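Quick setup: one chain, the form predicted alone, written in structure tokens, and binding and motion questions come after.
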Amino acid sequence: MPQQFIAISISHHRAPVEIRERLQLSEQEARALLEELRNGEMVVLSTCNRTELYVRPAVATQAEGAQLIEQLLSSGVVRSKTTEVDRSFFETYSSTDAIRHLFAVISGIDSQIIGDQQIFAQVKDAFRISAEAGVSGGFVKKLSQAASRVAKRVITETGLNEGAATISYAAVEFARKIYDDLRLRHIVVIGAGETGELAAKHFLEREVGHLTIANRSLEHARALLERIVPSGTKGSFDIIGLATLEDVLPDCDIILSATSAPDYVLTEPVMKAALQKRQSSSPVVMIDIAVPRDIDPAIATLPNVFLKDIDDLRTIIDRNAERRRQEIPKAEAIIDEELSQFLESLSRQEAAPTIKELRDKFEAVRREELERHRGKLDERTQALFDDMSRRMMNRLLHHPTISLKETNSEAADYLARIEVTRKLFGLDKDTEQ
């Protein structure tokens, strides 16, 4: 039931990057967290903008959001990554609000960049990990399908994703504020993952002169170039390992880093030494779009360096976001429609078993009372009481049964009636016992 569905979130709305990076989880860490917590049906979503835990507890009693926060922060996975995090950075959602929040996230209207094109795939991966970890049941599977419908409809029925700026896009736009003509510049993209690949694509669209992909795995870096560089493309392209990154730093004009390394890839002493060897007087643009951060913030104090991290890109994002914001009401209308349909489907699914459980409970009480007095009544009186009590039970349950079957009201109200009925007659308590 959705009243037992809870979401906790730490995101760009409340937490700066230095807080979010403490809780950012890799796929392996997300699996480990699900395995450790294992409380009913669960989904963990962790991106550079947010880490969220969605839970439908196994027990009938709804867990409080605060308890989930404590479970998350006290887990071995998170404890090994972070110091204490203030609880005020978290937001909690429950019931239909938690479902609506998920729909807003996957549609891109809750992203740091409105219309973020990566979030759909990231949410789908989160559901996949949940299923593979064995913590995805019927509710989460239906929720996954509904969330995917929301995202697909937003993509096809609105302009929210048209020209939408990703973090990578915003990073390249910032670089072009310093160097408008990239044909004369040497650009290094550190990291051959999805974010690094998107950034490299955006640089290519602006006719980059010299592009170097630096990555721990040369094979992955080479594969990236093969995917994104069409034959006949003007410019120079090469790959290097992270071990030789220091050798090319003195010649770089723009450095964009997007790895998943746990520590700094570029430190202040290394960059300071590279600047001393640099022959050009032009500035070095450094953009860190990784979480945790790849570039030591102390580098920003070095002369002739422009360093921006993922939070600094907000101004560029905001400048390009007004047109996408105008599409938000259309996306919200889709979310409302899909939420109503999802709740109605849950209602229909829950109504029949609730009616059966309610009648079974009344029937059990009726039979128990008849059995208690069986020795005191003759056969004729026993039959009379049996018939009379059955008719009384049917009359008493007639209106609740009709009410639970009605579907001509709002889905949320319909579902609420089921929840109230189950709570009023202790049906979930009976099931737990």
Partner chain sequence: MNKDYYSPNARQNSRRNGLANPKEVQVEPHVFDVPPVPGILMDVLATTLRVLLPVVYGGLTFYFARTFFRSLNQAKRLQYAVSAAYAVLGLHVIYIGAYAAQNHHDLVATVYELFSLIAFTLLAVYVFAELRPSRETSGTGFFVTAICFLLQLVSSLTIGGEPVPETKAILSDPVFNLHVTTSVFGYAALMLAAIYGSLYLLLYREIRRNQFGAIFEHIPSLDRLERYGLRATAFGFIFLTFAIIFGGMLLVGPYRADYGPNTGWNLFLDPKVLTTLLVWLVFGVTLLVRKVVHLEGRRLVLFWMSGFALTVISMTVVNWVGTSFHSFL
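Residue numbers count along the first chain shown, from 1. Small disclaimer: the values here were computed from a predicted structure and weren't measured. Whichever C-alpha set is largest while still superposing within 1.5 Å between the two forms counts as the rigid core.
Another form exists, predicted together with the partner chain; not displayed. Remarks below refer to it.
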Heavy atom within 4.5 Å of the partner chain in the model of the complex: which of 236, 304, 80, 276 fits that? Just give me the one.
-> 304
Of 157, 360, 247, 263, the one that lies within 4.5 Å of the partner chain in the model of the complex (heavy atoms) | 157
The partner chain in the model of the complex reached by all of 11, 101 and 124, non-hydrogen atom within 4.5 Å | no
Tell me, please, which stretch of 276-284, 207-215, 189-197, 92-100 lies within 4.5 angstroms of the partner chain in the model of the complex when heavy atoms are compared?
-> 276-284
Heavy atoms within 4.5 Å of the partner chain in the model of the complex: does residue 178 have any?
-> yes
Mark residue 270 yes when one of its heavy atoms lies within 4.5 Å of a heavy atom of the partner chain in the model of the complex, and no otherwise.
-> no
Can residue 162 be called a contact residue for the partner chain in the model of the complex at 4.5 Å between heavy atoms?
-> yes
Evaluate residue 308 for contact with the partner chain in the model of the complex, applying a 4.5 angstroms cut-off between non-hydrogen atoms, and reply yes or no.
-> yes
On a core-based superposition, does residue 131 travel 2 Å or more at its Cα between this form and the one not shown?
-> no
Did residue 72 shift 2 Å or more between this form and the one not shown, C-alpha, core superposed | no
For residue 206, state whether the C-alpha moves by 2 Å or more between this form and the one not shown after rigid core superposition.
-> yes
Pairwise C-alpha change, residue 157 versus residue 173, in the model of the complex against this form - closer or farther, 3 angstroms or more | closer
